[in-house]
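Consider the single chain below, provided in structure tokens and representing the form predicted alone.
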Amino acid sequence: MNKVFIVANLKSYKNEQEGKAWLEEFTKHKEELDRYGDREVIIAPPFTLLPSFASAFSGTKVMLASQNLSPFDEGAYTGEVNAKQVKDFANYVIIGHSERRNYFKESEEMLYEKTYQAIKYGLTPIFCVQAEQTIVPEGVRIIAYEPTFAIGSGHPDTPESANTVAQGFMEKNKNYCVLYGGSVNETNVRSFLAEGKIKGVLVGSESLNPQQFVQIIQNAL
């Protein structure tokens, strides 16, 4: 994977009207963003906005990710959104984010099941890890290193430390593509990529403002 991945995680924000406003502002920069062929821009809106975002970005280079999916296939699982359904709108899925591990007590077994379902239906997992010791399911190629102390805190890990963790994962599997997530902004994004081991970023709060997210994309290289 030679591209730099810039992933926006909009988390549990934006209703339909707010999502429309985000799209209108972001797409003002469409022609400029299309020139960045070395950057894979991926946006993960909440489930409720996946259809409208998919329609807005149809025929563009911008890709979509789901923030989550069910550990089960389709069936009698009320309230769940399964990988087959997600695939209608997205090509990627975020699995194992620290917020889901923490607030929803997702186990390693559940994360394995989610990864299996994603791959079964042709979704590419972006698997979040919190440390070099985090277990990564078979079939995962994109890893997002997100130290828990850096999530939403405004206190990112250092680029040197993040790249050391990335190197550790790559020594386990040379095919891993490691991203960094945790208080990424337009000022520090380039420093994380400059060390050479980090191949992209997972952006949280700074992606809620489309102009700030565009600046991160611009400053990535």
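Numbers for residues come from their place in the sequence shown, where the first is 1. A quick note: this is a predicted structure, and the numbers were derived from the prediction, not measured.
Same protein, other form: the form predicted together with a small molecule, not shown, and the subject of what follows.
Engineer: Taking a heavy atom within 4.5 Å as contact, would all three of Gly152, Gly182 and Val203 count as contacting the small molecule in the model of the complex?
Structural biologist: Yes.
Engineer: Within 4.5 Å, heavy atoms only: does Glu99 come near the small molecule in the model of the complex?
Structural biologist: Yes, Glu99 sits close enough to the small molecule in the model of the complex that at least one of its heavy atoms falls within 4.5 Å.
Engineer: Answer with yes or no whether Lys11 is in contact with the small molecule in the model of the complex, where contact means some heavy atom within 4.5 Å.
Structural biologist: Close contact exists here: in the model of the complex, Lys11 approaches the small molecule to within 4.5 Å, heavy atoms only.
Engineer: So if I measure heavy atom distances to the small molecule in the model of the complex, which of the stretches 105-113, 143-151, 75-83, 130-138 falls within 4.5 Å?
Structural biologist: Selected range: 143-151.
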